[in-house]
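Single chain ahead, written as structure tokens, the form predicted alone.
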Amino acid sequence: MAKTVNIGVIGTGSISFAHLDAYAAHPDVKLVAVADMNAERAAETARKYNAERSYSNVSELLADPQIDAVSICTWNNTHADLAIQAIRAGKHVLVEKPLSRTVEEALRVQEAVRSSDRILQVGFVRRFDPNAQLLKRFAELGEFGELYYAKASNLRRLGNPGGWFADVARSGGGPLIDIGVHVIDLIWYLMGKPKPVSVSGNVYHKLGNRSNVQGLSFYKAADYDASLNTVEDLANAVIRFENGASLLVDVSFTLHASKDESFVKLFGTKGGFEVDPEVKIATEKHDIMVNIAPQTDDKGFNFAKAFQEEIAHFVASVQNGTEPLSPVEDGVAVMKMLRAVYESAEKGIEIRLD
């Protein structure tokens, strides 16, 4: 029989419920405790998911000897310190993306992980989507040849969540670090994780949070405050890799656009494919251009399935002592790309990466 993994969840904001639902459905998991600085919310969440204990102090959860592993589902500015504390407390860690706010924080986490025998998995959930895994397998089998160009957009015309998302001190940035991180990591992963060598980026602070707009609803953080917004509206970048490949990306919280837009496309010497909004493959057969639609249960990204697969992978990694699909080193690499976009925009120059 597989060893039961005793789990603690830190933070009970909206993203935590994706973790909690997936843990609750896993046969080898026992949810021991949840922690949140809001004691009432922690207790309510513990009751909802039949956790044995709730804490308002994270240190108490990390000191709980019954807990084997934790999910960190808190503000970005706490990710690095909590991950390090958890590792030093002997816990395995699944930390929500991004790994940190800065490269320096990410490197401290990496050092802590490398000096321990614990596992840290970064919450790059898009990697675990069944369709992404299908396309990754096709790419590794040479179906697309050399993947040399990719482009991605995740443009919201009205979608600044406000609250901590809009507070750069807690979030580290706006749409780039919140939603851009997903598509940048997904493309980098599907390309085979080539070494990034340079970044040229732009960020714009033009529209604010547009709290004046009426007639359309959008997700708002629990601590939404219309007067607070210190993050960018829009970011775009070109990322170049050592193997000559390049990635063009743009993301927004708010934009004067007629509709929201989201796509992820990769192009290779033998074929190309789209991940969003639907999975499509473009190739040639017998001198004829052919479009292929893989026959799968989901045409596009399935949020719930991806989280189930992510949690299942984390649990299996803890049980077997194996390196996760999204290790700390990948969190560091993605953070270097994200911060380089902000640095390039601030200085008005292309940034070279080590």
Ligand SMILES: NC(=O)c1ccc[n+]([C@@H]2O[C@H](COP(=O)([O-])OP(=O)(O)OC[C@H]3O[C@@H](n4cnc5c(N)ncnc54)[C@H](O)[C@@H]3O)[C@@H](O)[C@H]2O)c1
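One rule holds for the numbers: they count along the sequence shown, beginning at 1. Keep in mind the model is a prediction, meaning the values are calculated, not measured.
Absent from the display: the form predicted together with the named molecule. The rest refers to it.
Student: Taking 132, 150 and 241 as the candidate spot, are all three within 4.5 angstroms of the named molecule in the model of the complex by heavy atoms?
Tutor: Answer is no for this spot.
Student: Only one of 248-256, 158-166, 229-237, 206-214 has heavy atoms within 4.5 Å of the named molecule in the model of the complex; I'd like to know which.
Tutor: The contacting stretch is 158-166.
Student: Could you tell me which one of 73, 186, 87, 80 places a heavy atom within 4.5 Å of the named molecule in the model of the complex?
Tutor: If I apply the 4.5 Å criterion carefully, the residue I get is 73.
Student: In the model of the complex, which of the listed residues (265, 136, 118, 97) lies with a heavy atom within 4.5 Å of the named molecule?
Tutor: So the residue touching the named molecule in the model of the complex, by this definition, is 97.
Student: Flag residue 37 as yes or no: does it have a non-hydrogen atom within 4.5 angstroms of any non-hydrogen atom of the named molecule in the model of the complex?
Tutor: Output for residue 37 is yes: heavy atoms within 4.5 Å of the named molecule.
Student: Using heavy atoms and a 4.5 Å limit, would one call residue 22 a contact residue for the named molecule in the model of the complex?
Tutor: The answer is no: residue 22 has no heavy atom within 4.5 Å of the named molecule.
Student: Answer yes if any heavy atom of residue 313 is within 4.5 Å of a heavy atom of the named molecule in the model of the complex; otherwise answer no.
Tutor: Result no; residue 313 lies far from the named molecule in the model of the complex.
Student: Can you check whether residue 221 is within 4.5 Å of the named molecule in the model of the complex, heavy atom basis?
Tutor: Flag for residue 221 set to yes.
Student: Quick one: which residues from 280-309 get a non-hydrogen atom within 4.5 Å of the named molecule in the model of the complex?
Tutor: Counting only heavy atoms within 4.5 Å of the named molecule in the model of the complex, the contacting residues of 280-309 are 303, 307.
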